[in-house]
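The chain below stands alone and is given as structure tokens, in the form predicted on its own.
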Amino acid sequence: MEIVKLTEKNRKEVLQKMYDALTRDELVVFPSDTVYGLAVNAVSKKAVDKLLAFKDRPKGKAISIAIASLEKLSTYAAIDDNQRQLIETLLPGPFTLVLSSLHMVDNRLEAEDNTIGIRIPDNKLVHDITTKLPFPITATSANMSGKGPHYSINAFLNTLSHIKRNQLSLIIDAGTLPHNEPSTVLHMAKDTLKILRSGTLALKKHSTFQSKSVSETMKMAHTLVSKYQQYAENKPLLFILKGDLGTGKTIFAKGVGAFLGLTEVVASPTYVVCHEYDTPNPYYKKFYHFDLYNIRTEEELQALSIPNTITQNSITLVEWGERLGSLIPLVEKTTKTILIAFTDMGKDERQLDIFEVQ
């Protein structure tokens, strides 16, 4: 067993070590965007044998895989156009999507209903290794079956016997990871959308809204603020917006500002990160508008002190909100949180997938 400390200077060397181990069908512990994971070649019987023996995994219990990009998704799962539109808003990110399998991996990784869990973690190391390899890797948590996840290598190793440690080939130590929950698991096969496990984003409800114009997107902002105004006395309202450039996130923010009675023009704070507005609204006295597009590191994120910025009787809207990462568990405890995934449907049409966070 080799333990390698991951740094910016040795990233290429670590990537090569990981590549070599996985192509030899060995077990590798790696840092992901949620917890430490356990990777093997997902198409190799020999490698999956080792994984199942290490995890003491019960027969028939599925194990998810990680792939490099959305372009590779259709190699491993059957998806239609409607599924693809939602998938493109969720991935990369802390989600495991359960889809109908095309049986391109070891069948023991699949569930009994012929589905496969697929991840595209928002993590540079995982992206680089899955891009470099000619096969997908497993994306299961580095723990024994039925036990909790681990955020540090020391904590993980302390749970292992000498025999179990010797079954591991390579451990990539990136230090203590932010204490995010494991990925949220969404079952999307056969025209269903069911939350099987709540993770970093503990999603509770889902609805879809089709907007055919700027005014309809703004109207949806009015509708949602009105809907959750009942919580104003007890909890601030937080909108986490996810979607590509030009999909309507800032238009939605303008709709929130209009509902609150702002006379100022609401513009995306891309370069200043946050705009703060005083409002004449009797329920929401403050409107905080964040744009995390240019936030790249955990240090930059922490420096914003977003949980401390959010005040009672306020609405906070975060564009590129998936980058909240480690702050999500902190803000969702103290706010009424709504995740909205925006998808461009062509021309002026947008799809808004709206999730209430528990």
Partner chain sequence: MNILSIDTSADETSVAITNKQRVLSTVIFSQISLHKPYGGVFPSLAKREHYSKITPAIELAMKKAQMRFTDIKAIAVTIGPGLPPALEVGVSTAKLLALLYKKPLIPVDHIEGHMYSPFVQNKNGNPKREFLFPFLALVVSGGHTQLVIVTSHIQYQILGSTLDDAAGEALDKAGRMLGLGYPAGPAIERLAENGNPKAYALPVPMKKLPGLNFSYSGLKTAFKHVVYSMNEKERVLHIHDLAASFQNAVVQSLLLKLERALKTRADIPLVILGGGVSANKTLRQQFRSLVRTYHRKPLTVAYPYLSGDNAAMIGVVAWYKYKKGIMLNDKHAIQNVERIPRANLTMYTTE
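Just so you know, these numbers come straight off a predicted model, no measurement behind them. Residue numbers count along the first chain shown, from 1.
Unshown form predicted together with its partner chain; subsequent notes refer to it.
Heavy atoms of I79 never reach within 4.5 Å of its partner chain in the model of the complex, leaving it off the interface.
By the criterion of a heavy atom within 4.5 Å, N294 is counted among the residues contacting its partner chain in the model of the complex.
Remark: Y277 counts among the residues lining its partner chain in the model of the complex, judged by a heavy atom distance of 4.5 Å or less. The closest non-hydrogen atom of G246 lies within 4.5 Å of its partner chain in the model of the complex. Interface residue among I87, I171, V273, M220, judged by heavy atoms within 4.5 Å of its partner chain in the model of the complex: V273. Contact with its partner chain, judged by heavy atoms within 4.5 Å in the model of the complex, is confined among 25-33, 64-72, 301-309, 41-49 to 301-309. Taken together, D20, T140 and H150 are entirely out of contact with its partner chain in the model of the complex: none brings a heavy atom within 4.5 Å. Taking a 4.5 Å heavy atom cutoff to its partner chain in the model of the complex, the contacting residues in 233-269 are D244, L245, G246, T247, K254, E264, V265, V266, A267, S268.
Whereas the displayed form keeps them at a certain spacing, the CA atoms of T250 and L70 lie at least 3 angstroms farther apart in the model of the complex.
Relative to the shown form, the Cα atoms of T343 and S100 move apart by 3 Å or more in the model of the complex.
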